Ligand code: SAH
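Before any questions on how it binds or moves, here is one chain, the form predicted on its own, in structure tokens.
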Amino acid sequence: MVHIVGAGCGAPDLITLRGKAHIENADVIIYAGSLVNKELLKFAKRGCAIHDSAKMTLEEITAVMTEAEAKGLTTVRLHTGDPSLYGAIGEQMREMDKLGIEYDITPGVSSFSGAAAALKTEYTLPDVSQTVIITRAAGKTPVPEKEALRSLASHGATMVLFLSAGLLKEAEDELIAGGYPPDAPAAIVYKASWEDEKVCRCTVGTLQRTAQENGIKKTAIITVGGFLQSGFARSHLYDPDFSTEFREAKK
């Protein structure tokens, strides 16, 4: 059995109880060494074989899983954040399906959630934005043409960019071309929830400069949108004049 586990966005106590239990019971752990907090490996039992996937290919990862299965061992594939976002688990599951290896997935706290917590804000605010677009800037790995930043920016929704800290000049140009004014609010959250977390508030037009001034080149979430400002309407959820399934309006 292979358990694909979301390690959370950084702080070791943000892993789920289920994820922690899987780590404690694992005979083999393959972890994303470039991103996962190594403090989580302290939960592993004595004798657990630990592999750093940052130094491995898909074929090598699959070989470790296959060998463990042949020996009747339990494997944990430990991914950063939530594995469903930029976790490259699709190709691993495809290989396991071919080989008849049983697996399951334990979700984790994504870094986009960790970034919102660091910013002490809500992505979906009444009359500001009810949509969150999670994407990335095009770099060495392209994105589909219809998902270019300038196209997505035209919606004016909350935007969260992964894997883009090294592409901020291009991101600035694309976001502005898509409709965000240069002075639109933005923020860079470096290593959300880690001990060295850093929050840098800026504008769309100063994203690159802000990153450079703060020495941020990777491992950061970029956020853009009006949710970063203080003005927004009150929601109906707790409005005394609004009836819900559980409460009558107090007129």
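The first residue of the shown sequence is 1; numbering continues from there. Please read these numbers as outputs of a predicted model, since none were measured by experiment.
One more form of this protein exists, namely the form predicted in complex with S-adenosyl-L-homocysteine; it is left out here, but the text below deals with it.
Novice: With a cut-off of 4.5 Å between heavy atoms, is E172 one of the residues that contacts S-adenosyl-L-homocysteine in the model of the complex?
Specialist: No, no contact at 4.5 Å.
Novice: In the model of the complex, is there a heavy atom of S-adenosyl-L-homocysteine that lies within 4.5 Å of any heavy atom of Y86, even though the partner is absent here?
Specialist: Within the cut-off, so yes.
Novice: Considering only heavy atoms, tell me if Y190 and S-adenosyl-L-homocysteine come within 4.5 Å of each other in the model of the complex.
Specialist: Within the cut-off, so yes.
Novice: Please tell me whether any heavy atom belonging to W194 falls inside 4.5 Å of a heavy atom of S-adenosyl-L-homocysteine, as the geometry stands in the model of the complex.
Specialist: Answer yes; at least one heavy atom of W194 falls within 4.5 Å of S-adenosyl-L-homocysteine in the model of the complex.
Novice: Taking 4.5 Å between heavy atoms as the contact cutoff, choose which of T106, T75, T80, Q92 touches S-adenosyl-L-homocysteine in the model of the complex.
Specialist: After the contact test, the surviving option is T80.
Novice: Name the single residue among I133, I101, A138, L163 that comes within 4.5 Å of S-adenosyl-L-homocysteine in the model of the complex, judging by heavy atoms.
Specialist: Looking at the other structure, the residue within range turns out to be L163.
Novice: Look at the stretches 216 to 224, 23 to 31, 199 to 207, 63 to 71 and give the one with heavy atoms within 4.5 Å of S-adenosyl-L-homocysteine in the model of the complex.
Specialist: Only one stretch passes the 4.5 Å heavy-atom test: 216 to 224.
Novice: Scan 1 to 32 and note down the residues that get a heavy atom within 4.5 Å of S-adenosyl-L-homocysteine in the model of the complex; none is a fine answer too.
Specialist: Residue within 4.5 Å: C9, and no other.
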